[in-house]
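Shown below, as structure tokens, is a lone chain in the form predicted on its own; questions about how it binds or moves come after it.
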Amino acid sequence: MTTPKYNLLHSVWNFFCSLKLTIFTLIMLALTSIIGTVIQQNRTPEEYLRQYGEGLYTLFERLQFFDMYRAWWFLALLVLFCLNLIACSIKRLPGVWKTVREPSLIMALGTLRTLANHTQFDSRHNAEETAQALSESLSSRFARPVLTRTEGGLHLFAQKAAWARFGVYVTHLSILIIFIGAIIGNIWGYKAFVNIVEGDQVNQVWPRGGGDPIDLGFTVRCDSFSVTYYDNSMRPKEYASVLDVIEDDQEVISDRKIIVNTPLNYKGITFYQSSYGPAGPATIRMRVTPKGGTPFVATNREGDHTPLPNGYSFAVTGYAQSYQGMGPAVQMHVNTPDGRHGNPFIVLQNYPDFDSRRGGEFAFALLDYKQPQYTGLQVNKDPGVWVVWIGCLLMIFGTMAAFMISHRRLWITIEPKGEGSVVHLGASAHRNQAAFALYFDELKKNLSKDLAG
């Protein structure tokens, strides 16, 4: 009579070994992953409030939809799936191990004839000679057989790629390793961002979704930032940052250029080029030529008024990378000594004498336009990424072994028949039965041929 305690443990064990549980957790993981795809993860509360409103924001926040891959319910699904995987593997592994390590060397004739691949043929040699000939033929064409003698005759057994049976368990192990890597990344890693103005440096980054800044443990400096555009447009073609890494007052990485998809990695922290933007007003260098006077160079900050001789002043109010296909240009105006705002006009950098035709008190030529930029960096730390890669490699090998390689077994029983013998041959494969049937047809022809020769 079974005890209640045994029944409870048995029920729990069967629950975790259940295929229904596997299907349930896979469906739930797939469905909940849709939430993580539809709802952008780890954005700021302001972005979520603007997108969903206060009511939905409060609900989604309580359900942890904004950081669902770290939510307790998602981690619980992963743990449940892992337990299910482990329990199923433990339950089935001993049987597979026994099949591989302790194969049945003899198959009863009744059972052998039920195999999908079996045949029977006569040999003019006696049983011992037939067994010897078949052993040599199998060794060269299939695998070295094991010979067993019984009162009923001689028996040969050979198998190939028995280890392929463990492919599915390698795949299970790889899934567990990938999950462990993901959990390590979720617990000890982070996704953050930082904006660095050209010439400036930082030693902290800000986690996406808000929270206290994270110390890097070293300093990152942006030496310069550059952006190039497609011809005759303001559409960026490439933008790049030149970064230095400074640790303990020493520059450990110098002048490392990063662009999109070419990040900087240091101590497991990866900096991706993500965005950019203006950081403060631009600085413009102009060559100014007074009417009948000597040219000089003036520097102006965009939006400010720069004094000119005789009480005049000028200001730059706009810039275009390509003005009507004629290259860089600024829009500016000149104020009179009594403070009147002059009419705006355009100065083209590629045509330095163009403005002299305007006939004003001063002629301008654009020498240089320098807009200080900040570089926006996405900062990721994932200490579990190598664990995930190991899991992925194992999954490739495990999947190939499980689905592309078949464990093939062959049994032969040789019975005396007059001065000769009769050969009963049967074989099976645990994968790809159609291909093995073709292989078996070819093998039995070759064995008969070798035996006759």
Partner chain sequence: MNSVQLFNLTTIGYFASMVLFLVYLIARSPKLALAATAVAWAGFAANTAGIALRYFEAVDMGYNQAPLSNLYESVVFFAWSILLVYLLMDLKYKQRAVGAFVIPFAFIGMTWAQLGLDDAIAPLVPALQSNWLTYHVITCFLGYAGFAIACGASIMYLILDTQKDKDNKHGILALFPDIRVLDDINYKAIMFGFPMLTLGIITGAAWANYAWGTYWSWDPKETWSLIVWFVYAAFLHARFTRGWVGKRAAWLSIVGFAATIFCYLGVNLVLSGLHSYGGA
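Residue numbers count along the first chain shown, from 1. Owing to the predicted nature of the structure, the values given are computational and were not obtained by experimental measurement.
Only in words, not in the display: the form predicted in complex with its partner chain, which the text now covers.
For the options Pro236, Pro307, Gly211, Gly280, the residue carrying a heavy atom within 4.5 angstroms of its partner chain in the predicted complex is Pro236. For the candidate set Thr44, Gln40, Gln51, Gln64, a heavy atom within 4.5 Å of its partner chain in the predicted complex is found for exactly one residue, namely Gln40. Under a 4.5 angstroms non-hydrogen atom cutoff, its partner chain in the predicted complex lacks Lys444 among its neighbouring residues. Looking at Val260, you'd find a heavy atom of it within 4.5 angstroms of its partner chain in the predicted complex. Its partner chain in the predicted complex comes within 4.5 Å of a heavy atom belonging to Thr399. Using a 4.5 angstroms limit between non-hydrogen atoms, Val422 is distant from its partner chain in the predicted complex. Heavy atoms within 4.5 Å of its partner chain in the predicted complex belong, among the stretches 309 to 317, 236 to 244, 338 to 346, 116 to 124, to residues of 236 to 244. Heavy atoms of no residue among Leu9, Trp163 and Arg408 are located within 4.5 Å of its partner chain in the predicted complex. Of all the residues from 16 to 40, those having a non-hydrogen atom no more than 4.5 Å from its partner chain in the predicted complex are Leu19, Lys20, Thr22, Ile23, Leu26, Ile27, Leu29, Ala30, Ser33, Ile34, Thr37, Val38, Gln40.
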